[in-house]
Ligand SMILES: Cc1cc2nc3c(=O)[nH]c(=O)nc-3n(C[C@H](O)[C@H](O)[C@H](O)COP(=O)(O)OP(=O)(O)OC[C@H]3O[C@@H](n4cnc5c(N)ncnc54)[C@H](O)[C@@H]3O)c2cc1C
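Just one chain is shown here, as structure tokens, and it is the form predicted alone.
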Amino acid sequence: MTNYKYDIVIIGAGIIGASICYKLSKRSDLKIAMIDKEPKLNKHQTGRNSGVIHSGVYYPKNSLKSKNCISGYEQLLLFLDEHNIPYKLSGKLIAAANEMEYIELDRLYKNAVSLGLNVEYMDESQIKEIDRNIVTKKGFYVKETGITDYGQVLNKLVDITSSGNTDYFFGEKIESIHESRNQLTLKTKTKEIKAKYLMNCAGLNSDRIFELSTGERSSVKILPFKGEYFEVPRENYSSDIAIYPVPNPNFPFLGVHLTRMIDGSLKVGPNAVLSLHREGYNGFEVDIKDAAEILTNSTLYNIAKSYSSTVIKELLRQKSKKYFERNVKKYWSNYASSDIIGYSCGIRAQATENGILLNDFRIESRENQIHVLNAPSPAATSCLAIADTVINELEY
């Protein structure tokens, strides 16, 4: 077994871990190790999202999501420009389907204004100018919304840091973490990596890495939610502007939206259905360990009780293509299940605590350890700002 000694070890080579590594690697006096259980990049959330560059319109002012999204947005655009990664700022329409949604639409608009975003209300005739098949009568346009390929962003972050003071270890699943005399020892089947500081960016397994490294039971537990995307013919929609429904303010998912991807393809999704496998991307899969943790998580029952209609609707969206179709047609009439030409899915690592879903990012410090325990959307947009937030927690 080979021994390695580093100043900092980062667990998880997704876009958050790689962004932290990118920022830290500018310090030439630091020796960094990045370790990931997968043999290659983009196997999970970073490589399986909608590619949207978020504006921060949904998030309460001064929340971690709001602060990091707004700062991250600016940093991300600079990074994309510097490294010639394709992106497009086409904006998005948040569309209200009925009068019940107008109240939340107005609240979101006021929040956007307070954040300094460029937003404007649109009536039915203005909305029809975007695409004649949009059937909503009221909405507002958010200028600061775009699209990119976060897989390319991650590849570039790793490419930049690989030639510097960082060593990458892929295909190395951590089996144990021990601390002695202010030094952490991480063991895999083939390697023993020693470091002074640890940063946990393990996404779907962040709660397990927390427990492995601290010896404490984590109050934060991951519930995995599968989100499915359906590709339809690109000519079905005449605009590049994304269409989003008004979300449920108490449920941390943005609803099924229509997105023109950076390659020009057109996708509708995602739904949000509980998965019994944290990495079950291929149909209905069950992992015994994952399922046992999920089914004993009190949050699951609180969700079922508090959001029973939402849960039922999401299940119907997954199981019934016709029901999914009817929901999309509340906003855009040109969708038909028979038009689907492609399928993809991702799994959102949604953190829970004390029986509730965590709405904000969660970053916890434990002496020489920092744990990113909840970083769902808009984490990809916010990645470089999250890196700053995490590094500011580090005392080195």
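A residue's number is simply how far along the shown sequence it sits, counting from 1. This one's a predicted model, so the numbers in the text were calculated from it and none came from an experiment.
Note that the form predicted together with the ligand isn't included here; everything after this is about it.
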ask   = T46, N327, S66, T352: which sits within 4.5 Å of the ligand in the model of the complex by any heavy atom?
value = T46
task = May I ask you to check whether H54 falls inside a 4.5 Å heavy atom distance of the ligand in the model of the complex?
result = yes
ask   = Taking the shortest heavy atom distance, is I134 within 4.5 Å of the ligand in the model of the complex?
value = no
message = Since only the chain is shown here, I'm wondering whether K37 would be in contact with the ligand in the model of the complex (any heavy atom pair within 4.5 Å).
response = yes
ask   = Heavy atoms within 4.5 Å of the ligand in the model of the complex: does I209 have any?
value = yes
message = Among the candidate stretches 222-230, 287-295, 95-103, 78-86, which one is within 4.5 Å of the ligand in the model of the complex when only heavy atoms are counted?
response = 222-230
Contact test, all of V9, K31 and A387, partner the ligand in the model of the complex, heavy atom 4.5 Å = no
remark   = Across 263-290, the residues having a non-hydrogen atom within 4.5 Å of the ligand in the model of the complex turn out to be P270
